[in-house]
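Before any questions on binding or motion, here is one chain by itself as structure tokens, the form predicted alone.
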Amino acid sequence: MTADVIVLGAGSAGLAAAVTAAREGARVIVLERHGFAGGMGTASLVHTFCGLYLLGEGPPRLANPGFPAEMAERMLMATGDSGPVKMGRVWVLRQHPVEFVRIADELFRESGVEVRFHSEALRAERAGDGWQVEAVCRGQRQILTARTLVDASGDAVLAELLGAAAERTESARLQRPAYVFGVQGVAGGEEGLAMAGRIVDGVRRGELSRDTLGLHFRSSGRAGEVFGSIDLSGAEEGAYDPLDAGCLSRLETGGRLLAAAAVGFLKREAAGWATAYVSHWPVRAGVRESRRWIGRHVLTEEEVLRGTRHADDIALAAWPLESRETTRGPKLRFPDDDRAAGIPLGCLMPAGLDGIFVAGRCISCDHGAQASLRVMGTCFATGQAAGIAALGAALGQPAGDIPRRLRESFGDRE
């Protein structure tokens, strides 16, 4: 089977890349390991779009035009919310994972993207002027070819398959994974400081593990439904390795154990929780950081904090550095004057490889910068750029034209 572009992964970045390229006339095939798109926003139940809006005072302003703005509009129509909400110094848009899945299906269908769910890449290699990818679904293998590839896997899977330049932050400094689960049957229950105090009391009395201290709940926008979120250490038995099956398995079972114990405790102790129950588990724990490509430009923490702009910027990073290197909650560092940093095209182009582009949380950057770039709003923007770039490369167009083509197609950023 032959395509112009093959996209690995249908998370926020892969969805944007595939749909954008297909709308420009490309034949696109997407390989996605789950049975639906959305990545962290669906499989891991992360229920807010972060990074869509610029920092600073005043009303919310979209950071990146085109696909990110379209996703915001479609989600608002789906949820019926009036708009984004201010949380501290940042604007976020509440999203519902069920609606995200439906919207992604619509986008694929409307744009003509061919999606291969339950599929993963096993091997990739050069094939003439393009690439050949061997994919597998439940033991059955298929060979796919394309002029260009987009790695939106989140874990830089393609870099590993090709033996290409990539890097990983040491285990102790990796951003800790999130575990998010759904709860139904909450009727005007405790929240905020009252809920935090209740959990602290449960830990003090020995009814809850100390690992539960970071647990918090947020309304989904649907009657009686909330999402619980907690950061896991990832290192219950040895060093945290988000690419190791054993470690990932412990995350899943450990997260479920903490969540079930917490909901059971709150049913007994907290007002409004008597009829509460865990209604859905995530398909997978939310890994925030793992392997990253080394590209022609490695965006640094310093560049993000200074709000640096580049001649070949393809998107803006509109989220503070959100460090979660421990389970004690986030540490936010904001850029100078709340100025959004530019993400140059070189971050999407692997060093020494042509015909491959990268999008999402595995783009070329250092550990500090990744703490800003990994959020879904920014992933939509880098995915959009990767889709345009991949199609351009398939048609033999120079990569240097990509920033101009983005401006012509979607308008100027900030």
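Not measured: the values here are computed from a predicted model. Start at 1 and count along the sequence shown; that's the residue number.
Quick note: we don't show the form predicted in complex with a small molecule, though the next part is all about it.
The closest non-hydrogen atom of residue 33 lies within 4.5 Å of the small molecule in the model of the complex. Heavy atoms of residue 379 reach within 4.5 Å of the small molecule in the model of the complex, making it an interface residue.
Among heavy atoms of residue 13, some come within 4.5 Å of the small molecule in the model of the complex. Contact check for residue 255: every heavy atom lies farther than 4.5 Å from the small molecule in the model of the complex. In short, of 342-350, 384-392, 39-47, 65-73 it is 39-47 that has heavy atoms within 4.5 Å of the small molecule in the model of the complex.
Of the candidates 113, 157, 149, 208, 157 is the one whose heavy atoms come within 4.5 Å of the small molecule in the model of the complex; the others do not. Exactly one listed residue, out of 121, 266, 259, 174, brings a non-hydrogen atom to within 4.5 Å of the small molecule in the model of the complex: 121.
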